[in-house]
Ligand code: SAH
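Just the one chain here, the form predicted on its own, laid out as structure tokens.
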Amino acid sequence: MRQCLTSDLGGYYTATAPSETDQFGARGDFVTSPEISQIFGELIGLWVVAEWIAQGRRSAGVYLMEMGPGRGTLMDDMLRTIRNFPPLAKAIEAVYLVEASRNLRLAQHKLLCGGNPLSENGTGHESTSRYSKDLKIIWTEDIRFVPREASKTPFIIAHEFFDALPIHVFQSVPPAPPPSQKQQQDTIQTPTGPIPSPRRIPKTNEWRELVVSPKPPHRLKTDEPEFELTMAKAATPHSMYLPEISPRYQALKSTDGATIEISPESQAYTLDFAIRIGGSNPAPLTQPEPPRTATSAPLRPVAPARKTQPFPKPRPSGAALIIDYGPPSTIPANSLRGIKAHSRVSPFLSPGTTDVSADVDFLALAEAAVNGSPGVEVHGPVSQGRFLGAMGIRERAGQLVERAKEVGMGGKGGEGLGEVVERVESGWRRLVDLGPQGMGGLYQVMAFVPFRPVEEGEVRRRPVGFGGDVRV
């Protein structure tokens, strides 16, 4: 997935050919929520305002960060909304955009910065917001280049970001039947003579990885993909480790044919978000050693693992909002897909020119966050329809319609008044549609906020959009 989407040799998002620079909108392959209605970005900006108020209205050290910002439409609507709250707008010292595509970076710069120049810095590029000469817009290709400081308050937005991260697919297979007497007596010829075959017969189910393989020549057909998913014939390093990291996966191991999708890269990003908000877990005082017995063989020297520096944050602050599609409470399975011209196609069709994505495992993200930081708590996932409804999407749409009627003017591009009203109404209703294929039900929303112990008799605060409110 990484090779197809962000390869420097011509990935879907990183291609440099002019015909491949815009994947969004009616002429592209898909349409995202910010492109459907400005209200989406406005409400995300309002959510940041509400969380900033709930956390005490910090007057400095705040920054925004968006992962995979697309055209920049979401961030533009957010900044336009936030500038209506001057104390927060003044407290934001920078906007960080984690973007791998040069073409999308240029589009984001044009929208967010207008005619302000784009210059290179030590970690990427930067410019100045068109909304404020004091607000820096900084681009980087890697989240590790965004500074971590315990005194800072990050507000992180990841909209349709995790669905594009690579996954591993595993399937549980039953143990093979016991070997025959002849198989037990099989030997392997070596330069020093025959030795017994080290055949290992598992007694319980095993996880096998599904890997991308070229199709055999005799099954290749014209206009069909050259690759397919096939099951590895033996255990792989990933299949022996990844499905064992969570009880959720372990519980399915004994079910023949159970299929799971795991995205370690998604969990790594989630861990980074959580640490920025709540700090990291304390480092162990001593490194535990493996148990030794009298018959233990001498330990083979192994290079030490790279140590991660502890990141204490005495006062957790900030928040992360994740909006993506996937099941709210189950492990994704068989969700790898390709998207081309607004239609679902094989993920192996025309690699590099087809969008490839997979459902997000929201509970795995939550698990990584709470296990990785003592200073965060997770809310959600809730459906996008429920979240936007709680944020006031219907009321905001009504305001826009009334304003258009009062002014008596149409919109951009020669739109008439009736067309503006229809666009606003159809846009917000599409975002909250709870039908079988509606965006309001397919997309889920999850939030990470600072953990705060609750006193006896006190009710835990819930963020706005997740059943909570804010006191102004």
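Owing to the predicted nature of the structure, the values given are computational and were not obtained by experimental measurement. Position 1 is the first residue in the sequence shown; the rest follow in order.
The discussion below concerns the form predicted together with this ligand, not included here.
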Exercise for the section: Using heavy atoms only and a 4.5 Å cut-off, decide whether all three of Gly68, Glu99 and Glu141 touch this ligand in the predicted complex. Expected result: yes
Practice task
Using heavy atoms only and a 4.5 Å cut-off, determine which of Leu242, Ile393, Leu104, Val378 is in contact with this ligand in the predicted complex.
Solution key: Leu104
Fill in the blank from the handout: Checking Leu165, Leu363, Cys113, Ala397 against this ligand in the predicted complex, the residue with a non-hydrogen atom inside 4.5 angstroms turns out to be Leu165
Handout entry: Touches this ligand in the predicted complex: Tyr325 (any heavy atom, 4.5 Å)
Key = no
Exercise for the section: Would you check, heavy atoms only and a 4.5 Å threshold, whether Phe161 touches this ligand in the predicted complex? Expected result: yes
Exercise for the section: Give a yes/no on whether Gly45 approaches this ligand to within 4.5 Å in the predicted complex, heavy atoms considered. Expected result: no
Exercise for the section: Classify Ser7 as contacting or not contacting this ligand in the predicted complex by the rule of any non-hydrogen atom within 4.5 angstroms, answering yes or no. Expected result: no
Handout entry: Location of this ligand contact in the predicted complex, chosen stretch of 230-238, 114-122, 87-95, 152-160 [non-hydrogen atom, 4.5 Å]
Key = 152-160
Problem - Heavy atom contacts to this ligand in the predicted complex at 4.5 Å, residues of 423-459 in sequence order - result: none
